[in-house]
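Before any questions on binding or motion, here is one chain by itself as structure tokens, the form predicted alone.
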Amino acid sequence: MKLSREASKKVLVLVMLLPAAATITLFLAFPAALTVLISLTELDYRFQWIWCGVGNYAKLFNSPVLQFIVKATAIYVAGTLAFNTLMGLVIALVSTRVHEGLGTFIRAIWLLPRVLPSVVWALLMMWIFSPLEHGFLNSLIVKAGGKPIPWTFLYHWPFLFIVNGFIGSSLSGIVFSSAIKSIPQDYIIAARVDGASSFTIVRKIILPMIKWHIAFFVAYNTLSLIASFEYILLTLNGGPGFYSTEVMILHAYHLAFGQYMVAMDFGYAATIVTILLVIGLVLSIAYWRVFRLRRLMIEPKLE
């Protein structure tokens, strides 16, 4: 039976979407469903599926450390997101206002933290901000006649914002730079002819015309940071002190893999991951509606 042209087009679309759908199902939907199931068990190092219903959730909401890990997660996500977005805008604005070669060099240098192995970058930052006298910053302070500053103890959150921010802002810098370069120069030239200052051009022309790129990065980076704990683990590991930088996903890692085998609690750890999954879904819907991201998928109208 010969299909109509419209039916053939639909079949072709389905065939082309099949690899993506299979990938999403296998690597996203299935692990998410499995995580929810594990959260309803007392699964531990013995790998015995002992069902406990919502017992793990009751245990979590009655846990005395819940307020600490929720607070740490909120601070980490908000602070790092602000650093990534603002620093990326600064990189983009500076690198697109100078000579093309110099601008490319600035963006390339800023990419180095992203291409370095995570352990190397973490060790480098720990050396720079070491609370000991031989740390880079403290060695300069000591030579100037001052006393060493315990950077990672007194300023652990700014330290983590910088460690993670140099990674995230390299991506935002490239995205925003590409967006700024796509703005027709006629707008900027006309504004300068009318006497507009650089600040006015940025505020009235550049920022409104790259708002979709900023919205995309904010949404993407928020969801990424919720599940990010790599550099916290490699540097402060949830410290200093009592759960001061222990974000929710790091706490789940510690429960599942960061202890001795007899203390591994996969079911309880999966409970935290499930809650983060729900938070991620809620934020995705909120960003979709608030930023009106659906407009980015609408086919342009040809006049």
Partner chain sequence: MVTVKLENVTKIFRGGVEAVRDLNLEVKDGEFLVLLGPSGCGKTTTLLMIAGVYKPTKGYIYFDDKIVNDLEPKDRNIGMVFQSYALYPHMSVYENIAFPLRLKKLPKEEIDKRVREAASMLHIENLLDRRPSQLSGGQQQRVALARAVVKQPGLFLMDEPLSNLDAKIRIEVRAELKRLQRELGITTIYVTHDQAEAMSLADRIAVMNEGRLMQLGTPDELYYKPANTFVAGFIGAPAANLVEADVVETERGLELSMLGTRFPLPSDLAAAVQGVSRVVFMVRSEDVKISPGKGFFVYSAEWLGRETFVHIQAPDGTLLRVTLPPGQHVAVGEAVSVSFDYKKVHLYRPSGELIV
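Nothing here was measured: the structure is a model prediction, and the numbers come from that model. Numbering follows the first chain given and starts at 1.
Although not depicted, the form predicted together with its partner chain is the subject of the following passage.
Shown without its partner, this chain lists 149, 78, 93, 191 as candidates; in the predicted bound form, only 191 has a non-hydrogen atom within 4.5 angstroms of its partner chain. Taking 204, 114, 181, 71 one by one, only a single residue has any non-hydrogen atom within 4.5 Å of its partner chain in the predicted bound form, and it is 204. Heavy atoms within 4.5 Å of its partner chain in the predicted bound form are found in exactly one of 191 to 199, 141 to 149, 156 to 164, 81 to 89, that being 191 to 199. Contact check for residue 215: no non-hydrogen atom falls within 4.5 Å of its partner chain in the predicted bound form. At the 4.5 Å threshold, heavy atoms of residue 137 stay clear of its partner chain in the predicted bound form, well away from it. In the predicted bound form, no heavy atom of residue 127 sits within 4.5 Å of its partner chain. Proximity of residue 101 to its partner chain in the predicted bound form: non-hydrogen atoms within 4.5 Å are absent; the residue sits far from the partner.
Residue 186 is the only member of 152 to 186 with a non-hydrogen atom no more than 4.5 angstroms from its partner chain in the predicted bound form.
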